[in-house]
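Next comes just one chain, in structure tokens: the form predicted on its own.
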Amino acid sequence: MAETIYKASTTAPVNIAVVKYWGKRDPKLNLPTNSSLSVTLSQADLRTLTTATCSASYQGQEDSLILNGEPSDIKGARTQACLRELRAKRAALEAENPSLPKLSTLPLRIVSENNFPTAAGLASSAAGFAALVRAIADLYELPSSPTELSLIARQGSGSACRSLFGGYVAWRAGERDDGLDSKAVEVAPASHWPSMRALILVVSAAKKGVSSTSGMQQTVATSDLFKGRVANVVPAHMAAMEAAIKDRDFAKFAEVTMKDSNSFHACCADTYPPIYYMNDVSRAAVRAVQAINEAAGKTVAAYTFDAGPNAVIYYLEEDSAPVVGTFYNLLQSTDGWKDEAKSYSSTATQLDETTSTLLKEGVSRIIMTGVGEGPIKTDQHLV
């Protein structure tokens, strides 16, 4: 008689922070030096799909992970921390109810795929660990809430805790040494401000030169600006951003988003030796956003950059014409545009020649997306 294969699949979204997480007060538990806040992006455009299975027929085998068709290391400390905690929660359920199958004792086979470049500054680890944790939680039928699961996902990738929610999400840094108060909470659902859009200019799909993990350690150890960011800048930005989202005040949202991105990259430049995630193409995107806002006579676009050169430009659906129109007019031969972009080409802001040339030569792909939902259980299994 064939052994049962237990399985569960979920998709999880990418999130892009508007108040950045950078720096750890406890690397082992992935406890951040500061709180952060992000927008969850639509899974129609950016998502990780993960299937988790276990079976007695796998006995004698080790846990395994296939990522984008290739075997991946599952023995890393971060992944192991997630698996250990999820198994402990399942074992507790099995102890309470002896009739439950002993899934916690069985080897896991995990298969995961992204529909976007991995390790290219597009928050692949956030979506990846959120999907892994949610899929195994579903496999184990854990009664845990997204906030409870965020405590586990955080140990895999800090920003993964925010990908367990849709909409607008805060990761509270917490103060406890055990990390039990360092968790993600929903600030507002996607339905609160559904007109938020994001245009991503993929500047490089290559793996970045300085990983986020080592970059953070260098910044914490050597940057003088970073101390002021943690003590003063981020608390003020968190308060202003939460108010802006509550009031659906895009001008304030945009101002804080751009200032926080500037602050984060200034700290990277202040690191010794300095770290530069942005490049000339990134800076051209900044100039383009400034030109669009100036031409509109108000703030209709906001740039932000994570630990990579890709520009994420937030705007509201009602301001698609000046924002999308400008970039489409310049980059219409670039892959990734949705059909609707063509209708905005007549509303382009003229950019200076240097900015235009850098963007034309340096942007390899466009991703048009918007605010979206958290992880979604699916019957689409990769195993």
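Numbering starts at 1 and follows the sequence shown. Remember, it's a predicted structure, so these values are computed and weren't measured experimentally.
What comes next is about the form predicted in complex with a further copy of the same chain, which is not displayed.
- Taking a 4.5 Å heavy atom cutoff to a further copy of the same chain in the model of the complex, the contact residue among D280, D181, E94, D249 is D280.
- The contact with a further copy of the same chain in the model of the complex, taken as any heavy atom within 4.5 Å, belongs to A269 out of A188, L100, A269, V185.
- In the model of the complex, every residue of the candidate spot (S263, Y276 and V286) has a heavy atom lying within 4.5 Å of a further copy of the same chain.
- Here the chain stands alone, but in the model of the complex its contact with a further copy of the same chain, taken as any heavy atom within 4.5 Å, falls in 348 to 356 among 59 to 67, 348 to 356, 36 to 44, 327 to 335.
- Put simply, V233 is close to a further copy of the same chain in the model of the complex: some heavy atom of it is within 4.5 Å.
- E141 falls outside the set of residues with a heavy atom inside 4.5 Å of a further copy of the same chain in the model of the complex.
- The shortest heavy atom separation between Q290 and a further copy of the same chain in the model of the complex is within 4.5 Å.
- Although the partner is absent from this view, L225 contacts a further copy of the same chain in the model of the complex, with a non-hydrogen atom inside 4.5 angstroms.
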